[in-house]
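Presented below, as structure tokens, is a lone chain in the form predicted on its own.
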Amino acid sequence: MTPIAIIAWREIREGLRNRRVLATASLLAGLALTLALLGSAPTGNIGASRLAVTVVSLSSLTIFLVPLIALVLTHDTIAGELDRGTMVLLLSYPLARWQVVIGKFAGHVVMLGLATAAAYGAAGLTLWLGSTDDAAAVAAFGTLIGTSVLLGAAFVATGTLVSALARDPRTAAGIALGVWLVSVLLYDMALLGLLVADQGHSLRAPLVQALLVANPTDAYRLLNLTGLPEVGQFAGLAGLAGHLAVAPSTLLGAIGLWVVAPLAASVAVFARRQV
């Protein structure tokens, strides 16, 4: 095994022994199945695709819960080991510092990705069995799972950067909570306030588009709620997205950038940090 794979496997084994990780994975699965069953209950009366309605519900769940789980998993991945003194032992092996960072990132992405795919896959399979959803709805649900894993990877990279910068795990936890609040809640509230206050005078469509794409959670929301016309009927952001006409490749690229940039910054910061 390569050094990166060894570090990743080490993180996965520790995660499987961590009750906090198992509890959050169980919570994600339970909420996903509950939203899938309850959220799709009215579709028989209105003739909507059960999977299409569930995509809207699970998109909201993902935006709130997956970034939080990712940051909880990773906020002490470096700061915690430095605080406990185990990082010195780890670096005594023939490992480069960048391999440690990449390995930890890979291990956490695998854990979060498997939990997300299993939770949403179980919910989607439950709905799909015995339903008449078309191929487009199934594709939209598959896109939801894939982009949810990608969004999780973006916040795993962000959490790794926070851990590389923080002095201790407690500071890292506070910063991680602040990142979650800004990305998931405060950013959209501030943008909505600007739109209401501006009333279309200065904030033109290209600028609003750039502001939405700059936030990975908004890029994720736009990508999933505008990928299928039937999904857009139930998505409050779909009308805005239609006017902005953001290409799916642009949205994917924006989320991908939030994976690459924080991860590269984590490598650079940890390379200069004294152990």
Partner chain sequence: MTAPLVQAEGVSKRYAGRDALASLDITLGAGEILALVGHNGAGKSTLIKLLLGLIRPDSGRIAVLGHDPSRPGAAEARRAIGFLPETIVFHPNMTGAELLAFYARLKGAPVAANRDLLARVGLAPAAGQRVGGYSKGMRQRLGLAQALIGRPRLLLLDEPTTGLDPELRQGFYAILDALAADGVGILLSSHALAELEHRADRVVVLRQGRKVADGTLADLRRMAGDPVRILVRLAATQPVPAYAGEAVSGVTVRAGRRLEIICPAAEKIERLRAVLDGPDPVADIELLHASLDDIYAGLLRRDAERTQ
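Numbering follows the first chain given and starts at 1. In this text, rigid core is short for the largest set of C-alphas that superpose within 1.5 Å between two forms. None of the values given here were measured: they were computed from a predicted structure.
Another form, the form predicted in complex with its partner chain, is not on view; read the next lines as being about it.
Student: If we take heavy atoms and a 4.5 Å cut-off, which stretch out of 178-186, 77-85, 201-209, 146-154 is in contact with its partner chain in the predicted complex?
Tutor: Flagged stretch: 77-85.
Student: I have P3, E14 and R97 flagged as a candidate spot, so tell me whether each of them has a non-hydrogen atom within 4.5 Å of its partner chain in the predicted complex.
Tutor: Yes, all three are in contact.
Student: Pick from A118, L195, A136, L91: which residue has any heavy atom within 4.5 angstroms of its partner chain in the predicted complex?
Tutor: Looking at the other structure, the residue within range turns out to be L91.
Student: How about A268 - does it come within 4.5 Å of its partner chain in the predicted complex, if we only consider non-hydrogen atoms?
Tutor: Residue-level check for A268: no, no contact with its partner chain.
Student: When the rigid core is used for the superposition, does R20 move between this form and the one not shown (threshold: C-alpha shift of 2 Å or more)?
Tutor: Yes, R20 moves 2 Å or more.
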